[in-house]
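Below, in structure tokens: the form predicted alone, a single chain.
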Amino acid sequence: MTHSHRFLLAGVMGWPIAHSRSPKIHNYWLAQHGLAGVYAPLAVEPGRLETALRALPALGFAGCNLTIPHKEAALPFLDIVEDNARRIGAVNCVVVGPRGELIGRNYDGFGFVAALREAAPDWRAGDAPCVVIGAGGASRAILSGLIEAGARDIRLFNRSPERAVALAELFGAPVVALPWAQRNDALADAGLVVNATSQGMVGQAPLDLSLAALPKSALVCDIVYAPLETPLLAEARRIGATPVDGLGMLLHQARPAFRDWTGIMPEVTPQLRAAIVVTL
């Protein structure tokens, strides 16, 4: 529904929340499209999440995004959780429905795939195997996005193999959990490599992965965006593969949420990206 004739209220709930770039992204789009409204950071302690969510309709909010530590915790407090979010086990977008009902969605997988297609418009998920490192919440969203995009061979690796096995069982084919020791060899015919862990982030050790066997035609994606170019992406650039930083996923996952609240599907422009890069 379009909210062009009233003051739009939306925000992002997290704890802590001051680091979030979402307010800058959404307020940029509100201004760009001439909409009256504000998107605010909402610091919500974990024990107060249900109260905060239930207050959204009474306060006139169109909805909110959810970030750490609320993405999984919110599920029991929502009236409707869409299938994709339930399969991922997490919600990153809440929409207040016409009767005040709270609808939970997850657009992280959409954002991930859209970022890949922005970096490489000719990329097709089913053309070559996809290798995903990590078995946490981000990996769930990425696996869902890749399956929806048509991936036919997804090789999943995690230092704790039981977590990878559990995810492979949850998603079924085409996801296969493989032993951590095989991660480097599995790149030989891969078209995509994804780091879905925090390794490579500021203060963290680089991801323990060699790209020596990776074809130059492959994409290498890192969900980390601080720093914007991680050691993994620097190595991808060095060998001639296409690096895809984590900022694209952050920007693109915000688009359908903005659409749900305003009726307008915004674009990720170089100007928006530059406005966020300076905050990193």
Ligand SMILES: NC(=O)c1ccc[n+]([C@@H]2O[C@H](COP(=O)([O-])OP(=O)(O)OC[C@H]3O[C@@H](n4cnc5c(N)ncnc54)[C@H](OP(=O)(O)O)[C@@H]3O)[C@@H](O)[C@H]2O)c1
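Note that residue numbering begins at 1 and tracks the sequence as displayed. None of the values given here were measured: they were computed from a predicted structure.
Only in words, not in the display: the form predicted together with the ligand, which the text now covers.
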Check your understanding: Where does the ligand sit in the model of the complex: which of 58-66, 24-32, 37-45, 245-253, heavy atoms within 4.5 Å?
Key -> 245-253
Revision key, fill the gap. Residue within 4.5 Å of the ligand in the model of the complex by heavy atom, from 196, 125, 74, 209, is 196
Check your understanding: Which pick from 134, 145, 104, 129 sits with a heavy atom within 4.5 Å of the ligand in the model of the complex?
Key -> 134
Exercise for review: Answer with yes or no whether residue 186 is in contact with the ligand in the model of the complex, where contact means some heavy atom within 4.5 Å.
Suggested key: no
Exercise for review: Please check if residue 159 has a heavy atom lying within 4.5 Å of any heavy atom of the ligand in the model of the complex.
Suggested key: yes
Point to revise | Distance check, residue 95 to the ligand in the model of the complex, heavy atom within 4.5 Å | key: no
**Study point:** Contact flag, residue 220 vs the ligand in the model of the complex, heavy atom cut 4.5 Å
**Key:** no
Exercise for review: May I ask whether 152, 171 and 190 each come within 4.5 Å of the ligand in the model of the complex, counting any non-hydrogen atom?
Suggested key: no
Practice item. Taking the ligand as it sits in the model of the complex, which residues of 217-241 have a non-hydrogen atom within 4.5 Å of it? Please list them. Key: 223, 224, 225
